[in-house]
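Next up: just one chain, as structure tokens, the form predicted on its own.
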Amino acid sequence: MNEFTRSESGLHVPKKKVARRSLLAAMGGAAAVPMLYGCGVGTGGGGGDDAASANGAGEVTGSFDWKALDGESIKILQTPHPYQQAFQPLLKEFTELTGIEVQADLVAEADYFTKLNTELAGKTGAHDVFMTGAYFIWQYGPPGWMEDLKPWIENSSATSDEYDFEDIYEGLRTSTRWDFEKGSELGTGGQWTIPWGFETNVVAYNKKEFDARGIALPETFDDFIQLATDLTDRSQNRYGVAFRGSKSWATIHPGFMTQFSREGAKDYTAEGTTYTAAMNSDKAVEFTKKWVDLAKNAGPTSWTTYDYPQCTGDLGNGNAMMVYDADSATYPKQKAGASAQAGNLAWYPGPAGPDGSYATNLWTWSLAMNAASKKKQAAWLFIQWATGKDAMNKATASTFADPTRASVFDGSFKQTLGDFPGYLETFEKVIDSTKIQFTPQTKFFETTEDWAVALQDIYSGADAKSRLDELAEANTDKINA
């Protein structure tokens, strides 16, 4: 076994080998290295401990070895979630494979991003790896709080030949890349996270009820609205469709943004580096009116407080006949004993757009490396293992849905879907059109929460066109500031 020593940026390099930086210094090129690491995208940022913040993937040399850091330890920050719960029992297998001990710290989702934001801003490197969503890249990336993982993936000394990054669905890979430049689309720049688990936003419905009444699945949005309205019977505490309505950015991203995109509407247009908000376009206004009317006529009576747990709870209890939200959020309700309607549910893609579009917005819980970590090589070994084929295949035996790798979905996960009517067919229908449908921008959370507030105002009686004009003007100013 090779002996290792810690380099100036916290990486471990073989004692008997000359580190890449040292080799460059010996060749008279040392002065170029800090400039390379100290400017532009991919540096991992600056401030705090600059040595730890520098992207040091190039310092890992020699043959790839899972045991390279035997005896090391890392800390990871997570929030309780089926993905985290599926992997918790497997952590000992990572330790057996690498000799690296893992301390997993959990923070409730309500407080998670506040803690994470504070920790990353402080650049303490307290946690080496953390869970995050793709939209958070737009907030955490520009200040240099996240490690660009692209150099790690491309370094064969740091990454196993069996890792097969291309096996991860393309829409997920491109949705977690950006160069942080205004006007640039996703899929450019660094690879800031590795998708771990994800969800498409489709419709789950009560198949038992639909079959008993001979109900056909609606193919257009207008037909969907009519069906949801017809299914609503307030006297029986039953309503047509549940979807989110709380005053949060999370109200916009699942069913709303999916159908908004299918109907041909856009959030912003870009000319060069200047954005113009387009959520007040004719298509957007028409869709928004229909969406809010759907909430009034066929949604939950307390729609403005609804997040996904309430939506899926009503589906499982039999109060909601449909839910337009994440497939992996409705998936657990079909598990035996998990809800009153377990065994009665099914899935379909939801209504197509006028041109047949099945554009679908996604959410992905991903794994990211803290740019301030002093144990980056160990952190990358963990991310590589957790997002690799072997561990992900094992995780699908419990509550892990949906896996981000095509080989895992088509292999072990597909075998779990026998009692989930329509789940696989729905997934296969939308996966090629599944990606982040939002325009990437650094004011995402603020401006998208403002969008949710506008929906609530329209629900309360505000004129849709006037309210969306007001929203668009404000958001244009904010994201161009």
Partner chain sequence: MRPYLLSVPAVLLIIGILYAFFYGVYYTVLNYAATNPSPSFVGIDNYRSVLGDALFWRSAGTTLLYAVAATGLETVLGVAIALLLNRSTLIGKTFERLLILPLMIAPVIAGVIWKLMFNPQFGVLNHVLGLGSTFDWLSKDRALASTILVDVWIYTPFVAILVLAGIRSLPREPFEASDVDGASWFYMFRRLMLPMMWPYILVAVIFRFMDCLKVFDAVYVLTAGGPGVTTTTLQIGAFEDSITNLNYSRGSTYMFLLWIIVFITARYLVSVLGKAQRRAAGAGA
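Every value quoted in this text rests on a predicted model; they were computed, and no experiment measured them. Residue numbers count along the first chain shown, from 1.
Heads up, the form predicted in complex with its partner chain isn't pictured, but that's what we're talking about next.
4.5 angstroms heavy atom contact with its partner chain in the model of the complex for Y306: Y306: contacts its partner chain in the model of the complex.
is_contact(T124, its partner chain) in the model of the complex, heavy atom dist at most 4.5 Å: Because no heavy atom of T124 falls inside 4.5 Å of its partner chain in the model of the complex, the answer is no.
Contact label in the model of the complex: S460 to its partner chain, heavy atom within 4.5 Å: Yes, S460 sits close enough to its partner chain in the model of the complex that at least one of its heavy atoms falls within 4.5 Å.
Non-hydrogen atom contact V453 with its partner chain in the model of the complex at 4.5 angstroms: Heavy-atom contact with its partner chain at 4.5 Å: present for V453.
Segment assignment from 332 to 340, 146 to 154, 312 to 320, 189 to 197: heavy atom within 4.5 Å of its partner chain in the model of the complex: Of the options, only 312 to 320 has residues within 4.5 Å of the partner.
Residue among N117, S281, N297, T174 with a heavy atom within 4.5 Å of its partner chain in the model of the complex: Of the candidates N117, S281, N297, T174, N117 is the one lying within 4.5 Å of its partner chain in the model of the complex.
Interface residue in the model of the complex among T229, Q139, Q84, S398, criterion: non-hydrogen atom within 4.5 angstroms of its partner chain: Exactly one listed residue reaches within 4.5 Å, namely Q139.
Contact at T61, S160 and D402 by its partner chain in the model of the complex, all three, heavy atom at most 4.5 Å: Spot residues vs its partner chain: no contact at all.
Residues of stretch 233 to 252 in contact with its partner chain in the model of the complex (4.5 Å, non-hydrogen atom): Contacting residues: R234, N237, Y239, K247.
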